[in-house]
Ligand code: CIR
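Here you get one chain, nothing else, as structure tokens; it is the form predicted on its own.
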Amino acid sequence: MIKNAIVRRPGHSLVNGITSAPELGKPDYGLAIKQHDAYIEALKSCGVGVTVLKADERFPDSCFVEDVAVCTRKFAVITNPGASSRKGEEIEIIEVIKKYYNDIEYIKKPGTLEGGDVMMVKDHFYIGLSKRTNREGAEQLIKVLGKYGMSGSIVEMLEMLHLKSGLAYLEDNVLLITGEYINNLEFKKFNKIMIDEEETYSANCIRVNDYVLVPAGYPKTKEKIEAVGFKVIVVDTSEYRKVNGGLSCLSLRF
């Protein structure tokens, strides 16, 4: 049961966020705010209490708050972002996390870790090695998980920005999956919903209690999720896609 979510409002500097898809253009800030409002309302409609942090103009990508912490049922981890322009975001989240957790751990350099590379499946955590998360950071997280009776495993990546760019665990052993992960033996035990190549972006969905939040504009993915029996809430994230963001990136949920 997810009871809490933390979000951070996008600043005007969002238009300068990191992107690997410049052809999509710069985000429309006014529309991004409206979409963020709708995202918050969607979380609330799932029965979640939402803490809304003010925008931090110093960090264009800071609305992607998922990357700066990993929240488990026992403890939280403050990460060390791998993108140089995001260094410092993790410091800003510490006091917020302290309101919810007594036990807080830290990823220390030379380790880097971003929450978008961490997928929680009950008490096991899959950690993707990406341009943002290195092996040292992943191994630090696995060591900390063991301290609390949990486990982790490393997933080698070649193509995706973050692990959860192509994966989403929907609970009940159901996994959205696309691209390079489809034939990865690490995920053979799951009941898989295959995401079509033209809808790859929509693999980044989130299960929030009785609902699955799905990005707008991906009808095949929505239909496949509903066919399994999930209730769906569609949320438009078009402006966040322009700076490599998705549904999971925009909140910490615990």
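If you're wondering where the values come from, they're calculated on a predicted model, not measured in any experiment. We number the residues from 1 along the sequence you see.
The form predicted together with citrulline is left out here; the points below concern that form.
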query	finding
Contact test in the predicted bound form: Gly128 vs citrulline, heavy atoms, 4.5 Å	no
Any non-hydrogen atom of Gly245 within 4.5 angstroms of citrulline in the predicted bound form	yes
is_contact(Cys249, citrulline) in the predicted bound form, heavy atom dist at most 4.5 Å	yes
Contact test in the predicted bound form: Ala76 vs citrulline, heavy atoms, 4.5 Å	no
In the predicted bound form, the one of Val155, Val174, Met150, Leu161 near citrulline [non-hydrogen atom within 4.5 angstroms]	Leu161
In the predicted bound form, segment of 37-45, 58-66, 188-196, 213-221 with a heavy atom within 4.5 Å of citrulline	58-66
Residues of stretch 118-132 in contact with citrulline in the predicted bound form (4.5 Å, non-hydrogen atom)	Arg132
